[in-house]
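One chain is shown next in structure tokens, namely the form predicted on its own.
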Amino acid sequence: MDYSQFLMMPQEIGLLTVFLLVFLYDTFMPERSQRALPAFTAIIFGLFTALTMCPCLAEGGQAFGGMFEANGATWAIKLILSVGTFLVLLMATKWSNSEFISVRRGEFYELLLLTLFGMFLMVSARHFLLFVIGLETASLPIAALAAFEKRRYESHEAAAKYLFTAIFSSAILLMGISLVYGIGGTLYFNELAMAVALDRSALLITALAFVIAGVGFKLSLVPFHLWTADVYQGAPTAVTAYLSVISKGAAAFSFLIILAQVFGAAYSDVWQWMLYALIILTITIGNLFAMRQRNLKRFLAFSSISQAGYIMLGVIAGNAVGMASLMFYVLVYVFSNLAAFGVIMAVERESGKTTIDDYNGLFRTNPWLAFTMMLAMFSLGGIPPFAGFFSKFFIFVGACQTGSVAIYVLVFIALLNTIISLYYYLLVVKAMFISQDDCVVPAFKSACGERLAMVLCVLGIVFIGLASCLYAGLNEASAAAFPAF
């Protein structure tokens, strides 16, 4: 075996190094030093993220007989996922040192880093075997993370529902992959693309349906979304934040790569209209159910379902502009959604309150938290001049690049749903700044890690949309890498 192939995996090797350092610290450091583990993890992971920003890592290449590929686009995708994970690590610093979690804090960070490693493999996989290994590495530890607060019944329920959903969706995906193997006699993406291009049989239609359904569970696409709200509500807030942003982003990127590289010549003739219907249902039903929610974690769960529909607009574009728009959208979504979860985590830790009504008058006692939540809601709703407006604009432009009438109708329906979403996002703003309540959340000082994470999120929401060079760089990386897809 040529071990020089591992040089094609600098981000994966760096992440494994961070994992080993955290494991060794957790295992061998004395008890009096264990409380510094969250800060230690955040610092070394922050250094890892900063080092992987080096553009020289974007060159990449292929390894392991073409099963693994690194290029400018995969480098940017992994960097976006790393930035989101770093923000989650900062937010979880105080929570992981709490009384009931501290005895297992090491396991929390090790499982989190392990899932991120699996997502890295998913993004770079060019062979279905490696893709499934990455998918299971990313999925199964999340069930343990969802059950981390083992004294809460809701946490157990969330873990059980997520585990059964993960098993069921993986079985469906594996069935689809087995049918694809029956068509092409291989699991390599590029070789399957040639076989699929010459096939329009019922077997291919069925295989593609199973693959879309399997990945649809991971993305929370309607009608595969029913697990999302219960898992988001029951899991610890730090885990919910990670699940709603990082996991969803990795699944979206992988879905685009599979559709573009494996089924690109067939899906437009076979399942394109069905995918359009899934997107419309996902955006619409996510919006309608979000209006009915009073618990903020369930509220953001249905909001994330709707956001998954918008993310899919970049997937169906199937071109370099769609890829760049998808990366930019997920980057903005990372900062916007994690800003909201940062406020929820701080308020829940201090007062135990998690409903929208509990946030009545929050501006009077905690103006900074109210301001952060307001910016997050504005960005998620796509209100200019915040980053969420630009991300939606670029995702719509990327989808319209195909030029078909159906795409224009789809984008128009998505625009209408954006207006609908403003209603329920502004309900949260109204509660904080206009509504009054005698039982308002008392004034308190959030933890240092939470404050730092929220400051970074606010800066991202305000300035990323204005940094045109960022989108230009993503577009350039996508254009250079897209022929490989």
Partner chain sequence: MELNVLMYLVPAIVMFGCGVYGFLTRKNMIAIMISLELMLNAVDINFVVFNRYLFPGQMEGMMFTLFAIAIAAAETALALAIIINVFRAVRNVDISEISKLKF
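Residue numbers count along the first chain shown, from 1. These numbers were taken from a predicted model, which means no experiment stands behind them.
The following text describes the form predicted together with its partner chain, which does not appear among the structures shown.
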Heavy atoms within 4.5 Å of its partner chain in the predicted bound form: does Gly234 have any?
yes
Phe224: heavy atom within 4.5 Å of its partner chain in the predicted bound form?
no
Quick one: is Gly214 in contact with its partner chain in the predicted bound form, heavy atoms, 4.5 Å cut-off?
no
Taking any heavy atom pair closer than or equal to 4.5 Å as contact, tell me whether Thr186 reaches its partner chain in the predicted bound form.
yes
Per contact check vs its partner chain in the predicted bound form (non-hydrogen atom within 4.5 angstroms), the hit among 126-134, 86-94, 256-264, 324-332 is 126-134
Taking Ala171, Leu174 and Tyr181 as the candidate spot, are all three within 4.5 angstroms of its partner chain in the predicted bound form by heavy atoms?
yes
The one option of Phe363, Phe289, Phe378, Tyr276 with any heavy atom within 4.5 Å of its partner chain in the predicted bound form is Phe289
Scan Tyr408, Phe393, Phe164, Trp368 and let me know which has any heavy atom within 4.5 Å of its partner chain in the predicted bound form.
Phe164
